[in-house]
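Coming up are structure 1 and structure 2: the same protein chain in two forms, each one given alone as structure tokens.
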Structure 1
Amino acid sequence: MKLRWDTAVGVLLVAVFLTGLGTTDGFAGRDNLAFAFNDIAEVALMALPMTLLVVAGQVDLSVASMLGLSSALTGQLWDAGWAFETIVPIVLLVGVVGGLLNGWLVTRVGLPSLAVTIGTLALYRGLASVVLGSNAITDFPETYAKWAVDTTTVPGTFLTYPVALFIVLAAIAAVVLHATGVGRSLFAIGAQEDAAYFAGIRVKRVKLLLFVVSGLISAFAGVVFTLRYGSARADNGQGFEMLVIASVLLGGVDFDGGKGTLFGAVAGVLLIGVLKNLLTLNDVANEVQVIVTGLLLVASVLTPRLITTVSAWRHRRAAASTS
């Protein structure tokens, strides 16, 4: 029986977890697990809409910059004396506007999403610097901050509230992707956009909505990140786009679109999070962790293609030998 890529990633996740249990003291402790999973909460949240985008043949590289802009705006408005209950809707609205800009440039102007979001990656990060400069805003209300930290967990579990929210959103995303007409439309668009259009799918509208959701979730992740660290900075979340993309591709979602599962993307997120925590506990330098993440990203793209190439070669060889 052929082992699916996403299943293989799930098996690898279990193997890494068991390795941690057997080799690293404190790895399986309640406090460490709460920290480990909460430490990737923002990446995990942003990976959900990214999975839908990549399945549809699109990508959003501006997610981490939108997180940074959201954090900077949260800090600036809080420092100006705004109520936190007012700040959050405004920040989320900015995320929606950013997603609309990405989607409009892709669907109406006709630019490729990779080029567009490389541009807005720089744009949103630059706006974050304009909003907050090199300042750092702290002293956010404890009433809200306590829900983002790893010391506050869902009663009876080691799950923090951001992680619990991720689980709920992941379940919703899985249903949408694998059990609804919307999900089938995403696979159709990713596999063959022109065919999807002639089949009656509102391709531009679907893609625009995906970018809006990505902007919204990224802005929300910025609020969570700010509260978790208790600090708003323009450079918050810098480099997270690589972790998000690596998680999705590692989970077996095809960068060319049309293939992938939500389970695989979630397994990819958890694998990177568990591996990162395990390396940290073993005093591995952050630079080495970045290298490991990069190698995983390369492997996630290269390995499935090598498997496909070898399989096709074997089929051709078998056909030639029987002819």
Structure 2
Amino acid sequence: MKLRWDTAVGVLLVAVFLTGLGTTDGFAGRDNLAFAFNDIAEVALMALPMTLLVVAGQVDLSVASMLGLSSALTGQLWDAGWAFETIVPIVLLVGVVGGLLNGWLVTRVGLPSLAVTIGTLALYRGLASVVLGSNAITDFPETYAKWAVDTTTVPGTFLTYPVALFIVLAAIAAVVLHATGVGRSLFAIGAQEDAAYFAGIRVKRVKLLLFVVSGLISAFAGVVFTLRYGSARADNGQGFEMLVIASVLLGGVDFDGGKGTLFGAVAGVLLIGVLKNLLTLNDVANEVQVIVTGLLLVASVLTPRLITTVSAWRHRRAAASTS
């Protein structure tokens, strides 16, 4: 039997979760679980469109910068006295425009997405600091902040609103990726773009749409981040792009495109979140947590490889001994 990596990550997630229940006081508490999952809400949200992008053989490194730009805009507009109900649509629109720029450069100009989004990573982060400078806007009222903080949960559950939203979006993304024609076309584009094109898939339109969705979700994640910390800053979420990609790849989504499951990506995100929480509760230093993330990532690509090699070797040996 061939063990699938995304299943293995799911099992590992459950194992880590059970270890937490058995060994760590306070881990199973409602407050802690609400906190643990809410703490990775933005990374988790951005990981959804990233999964679809990577399956299609693309990548968006600008997500964390878009989060920062959106945070800076939210803060600046709020400070200027705008209503929050007006700010959110404007910020989301900026996310869409940012995604369009990425998508346009990739599909029309024909540049590799890695190169394009390294550029927009600098551009959007730069615009964030143009908007807000090195200021921090902090006076967001409770009426809005409560939708993002970990002390407010959906009645009857330990789920915070960002996490509840993540669950809904993850379900939608899973259906789109695994049960619709669009999802199949993503796998086709990731596996062989030219073949997908000749098979009648509108490759450019699909890719453009993916970047737009990624920009939109990243901008939304910026609003969530701002409210969750009650602080709008231009450098909010700096370096998150690596964490988002790490989570997706940890879940077994192949960076070369064409392979992966949404279940794996979600398991990867949650694994990083639960592990981080568990290590923090056990007073493991932040530096060691960084190392653990790295080791997990390396193991995630090495283990399936090792399993294949070992089983091939055993197969050969078995064949040799019977003959």
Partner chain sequence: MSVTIEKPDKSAAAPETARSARSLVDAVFRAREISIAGALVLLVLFTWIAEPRFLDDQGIKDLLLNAAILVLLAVGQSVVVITRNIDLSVGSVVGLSAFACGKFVSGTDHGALTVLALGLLVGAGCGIVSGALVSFGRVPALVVTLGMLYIIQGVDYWWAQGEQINAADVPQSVLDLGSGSVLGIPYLPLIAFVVLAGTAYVLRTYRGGRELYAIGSSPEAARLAGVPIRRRVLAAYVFSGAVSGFAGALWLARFGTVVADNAHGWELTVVSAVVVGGVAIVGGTGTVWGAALGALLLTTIGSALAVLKVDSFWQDAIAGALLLAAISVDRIVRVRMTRALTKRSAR
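Here, a residue number simply tells you its place in the sequence of structure 1, counted from 1. Definition used throughout: the rigid core is the maximal C-alpha set that superposes within 1.5 Å between two forms. It should be emphasised that the depicted structure is a prediction, and the values quoted were computed from it without experimental measurement.
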> Does structure 1 or structure 2 depict the form predicted on its own?
Replying inline: 1
>> Superposing the larger rigid part on its C-alpha atoms, how much does the smaller part rotate between structure 1 and structure 2? Whole degrees, please.
In response: 14
> After superposing on the rigid core, how many Å does the CA of Ile307 move between structure 1 and structure 2?
Replying inline: 4.9
